[in-house]
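Just the one chain here, laid out as structure tokens, in the form predicted on its own.
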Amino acid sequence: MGRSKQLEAAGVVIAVALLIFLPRVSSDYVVGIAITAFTFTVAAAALNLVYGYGGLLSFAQLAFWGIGGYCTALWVMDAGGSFWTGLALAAGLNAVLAIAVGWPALRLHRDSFVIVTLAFSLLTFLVARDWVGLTRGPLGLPGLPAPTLFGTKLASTQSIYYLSLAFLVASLGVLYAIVTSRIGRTLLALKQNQPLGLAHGVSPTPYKLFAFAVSAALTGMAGGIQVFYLKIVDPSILDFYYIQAWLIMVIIGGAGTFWGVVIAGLVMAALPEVLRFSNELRMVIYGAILVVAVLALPQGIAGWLRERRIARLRATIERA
């Protein structure tokens, strides 16, 4: 194992250890922000798999987030099923929907793919708001019960914290395994030069469809955990500020970099809390942050650090 890999592994172990002990030294309010940080980071990392590695800007992540929340809640409240089965169903349903939406959309131009995923999210919001018989409309589904694990109710904020932390570690493990494998390298190569990949006989559709389905499944499970922490799901789960927050995390962290997006997601978790002072200006502020991030850090923090490292290396070589 190289030195960089050893440092990376040590950093992950230290970070997980600190996160494990966080609830013992923090208030429920801080722990609640951390829960949102974990679910947001998974959603942002899943979006990064599609956008950063696959080169596809997908607004469908918002729909997958909301569908995951509604699917898990409806399974528990109406079907009488368990929370864990609901999460599994949410992941499976989102993966199927991702394939159903992605298969025809990937045959279109990249800009058309953006429009299709945006339309899918808007359609999902209309269903959540207007299909009152299923989703209860604007009233939503309040009073979601606490998940049960081995006969013990996870009713406290700390219990949900450790559940979301375990989900974060597992999800990031899956995503890291993908992006460091041949699949991840192929996605990056196709993003940078798809005609060259086609010339070598590599079909982009299966790779991109796989990334789209995996990201949909993980985003749906994150949405399911989030609504059970909030104990309610309603059409506001499909508010566009969610997708804006994830895009900000991906862009600031560095699209196509793994740890940059993860760190940006965890650090910027407090942003939704900070912007609660004005629901009217929240979308404007998110949009302004996105514009500034794109102009000031086009390659994200990870890209900026990489450029600085290269510049120092060049300076050292020139002095030598």
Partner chain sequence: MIPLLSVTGLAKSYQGVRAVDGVSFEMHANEIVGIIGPNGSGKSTTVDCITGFQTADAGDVRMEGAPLQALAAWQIARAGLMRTFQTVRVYEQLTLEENLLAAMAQFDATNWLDALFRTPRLRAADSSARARARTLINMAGLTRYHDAPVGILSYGQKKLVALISALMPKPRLVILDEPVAGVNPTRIREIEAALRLLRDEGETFLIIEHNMDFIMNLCDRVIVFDQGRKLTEGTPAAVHADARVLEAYLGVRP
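The shown structure was predicted, so the numbers you read here are calculated from the model rather than taken from an experiment. Positions refer to the first chain, counted from 1.
FYI, the form predicted together with its partner chain isn't displayed, but the following is about it.
Contact between L18 and its partner chain in the predicted bound form is not found at the 4.5 Å heavy atom cutoff. Using a 4.5 angstroms threshold between heavy atoms, N193 counts as touching its partner chain in the predicted bound form. Using a 4.5 angstroms limit between non-hydrogen atoms, W75 is distant from its partner chain in the predicted bound form.
Contact annotation for K231: none of its heavy atoms lies within 4.5 Å of its partner chain in the predicted bound form. Checked against its partner chain in the predicted bound form, the residues L108, L198, L123, A155 give one hit for a heavy atom within 4.5 Å, which is L198. Taking L172, I178, L163, L97 one by one, only a single residue has any non-hydrogen atom within 4.5 Å of its partner chain in the predicted bound form, and it is I178.
Note on the interface: of 132-140, 220-228, 198-206, 244-252, the segment with non-hydrogen atoms within 4.5 angstroms of its partner chain in the predicted bound form is 198-206.
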